[in-house]
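Before any questions on how it binds or moves, here is one chain, the form predicted alone, in structure tokens.
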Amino acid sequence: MALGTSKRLTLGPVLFNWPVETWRDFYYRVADEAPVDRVYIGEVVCSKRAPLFRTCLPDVVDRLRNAGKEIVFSTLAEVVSGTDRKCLESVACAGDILIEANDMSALWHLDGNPFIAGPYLNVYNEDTLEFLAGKGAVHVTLPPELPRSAIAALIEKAGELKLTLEVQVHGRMPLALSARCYHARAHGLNRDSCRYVCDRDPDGMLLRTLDGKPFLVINGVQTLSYTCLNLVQEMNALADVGVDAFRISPQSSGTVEAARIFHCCLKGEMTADEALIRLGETEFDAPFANGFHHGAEGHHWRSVATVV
């Protein structure tokens, strides 16, 4: 079936430390060229990065809004210091804007106002959905490690609670956060005096196994998958069970092209097989994975035709 027009394509927040001009120009291009309905914006990984983008943030927001994009402001996903608390508070208490809460401490500031629950809140069961709905959640982005059986069960409960659900369908998968910055440690530095070395790796720093195989990606205090999540083959099934929105997580290249391809699938203008080929031709160079979705190890890839 062709996916209904009510299904939305979203763009998650940039997770990496890009130069300010690169960050700004990326969102300008998203405004002008990317067929996404909602854009999440804000610093999720490290509070030290947040001040770097404040000067151009108003212009970026204006450009996106003038292009008809819905804007959601994302909070930090890990709050361990006074600086982190101030960073989170500055977003959660900003006023009449829609917030994506990625740490439970944001709920205290939101004080029952409507919000979006981000993927870092780890919604794994119906009780968590019910708790968040009681705190004001109107929409929930599920963590990428959930298998399709769990997604189906949560959608049934979300319907009872009048919540809509979002699933990441493309981009590196967030796996873990640490209080310490391995990115800095790898350069002989610590988190407090990191010199922002994470800006050397626009898509994260690649880690390899002892036998040299790409394994994970480090992004400041965050660990991501090396593989690129790709659920273009599964979107019809996700739509059938009631997923409302499909998230693309930004990378330094190929993101706008990926958005166009997924948009064509949402409109029924391209088959999943065609989209898979086109996605393989984008500039972002990482192998595809969908193992978590099918109840396997996350880095695995399975063709829909071979899934039992």
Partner chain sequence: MHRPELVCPAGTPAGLHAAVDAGADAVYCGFQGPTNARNFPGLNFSPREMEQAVTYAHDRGTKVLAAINSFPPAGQMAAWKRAVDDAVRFGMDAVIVADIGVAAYTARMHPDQRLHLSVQAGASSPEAINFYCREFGVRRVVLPRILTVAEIKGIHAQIPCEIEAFIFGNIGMMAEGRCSLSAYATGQSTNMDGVCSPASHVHYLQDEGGNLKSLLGEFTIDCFTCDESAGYPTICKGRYDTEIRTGYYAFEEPVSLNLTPLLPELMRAGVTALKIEGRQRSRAYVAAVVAAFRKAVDACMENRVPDMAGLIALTEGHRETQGAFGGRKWR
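Positions refer to the first chain, counted from 1. As the structure is a prediction and not an experimental result, all values here were calculated from the model.
Not on display, but discussed next: the form predicted together with the partner chain.
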| remark: Exactly one listed stretch (120-128, 233-241, 90-98, 163-171) reaches within 4.5 angstroms of the partner chain in the predicted complex by non-hydrogen atoms, and it is 120-128
| Is D203 close to the partner chain in the predicted complex, meaning a heavy atom pair under 4.5 Å apart or at it? | no
| request: Answer yes if any heavy atom of A296 is within 4.5 Å of a heavy atom of the partner chain in the predicted complex; otherwise answer no. | output: yes
| message | Is Y226 part of the interface with the partner chain in the predicted complex - any heavy atom within 4.5 Å? | response | yes
| message | Taking any heavy atom pair closer than or equal to 4.5 Å as contact, tell me whether F215 reaches the partner chain in the predicted complex. | response | yes
| query | All three of L175, C181 and H187 touching the partner chain in the predicted complex at 4.5 Å, heavy atom to heavy atom? | reply | yes
| message | At 4.5 Å, heavy atom to heavy atom, what parts of 137-162 sit next to the partner chain in the predicted complex? List them in sequence order, or say none. | response | E145, L146, P147, A150, A153, L154
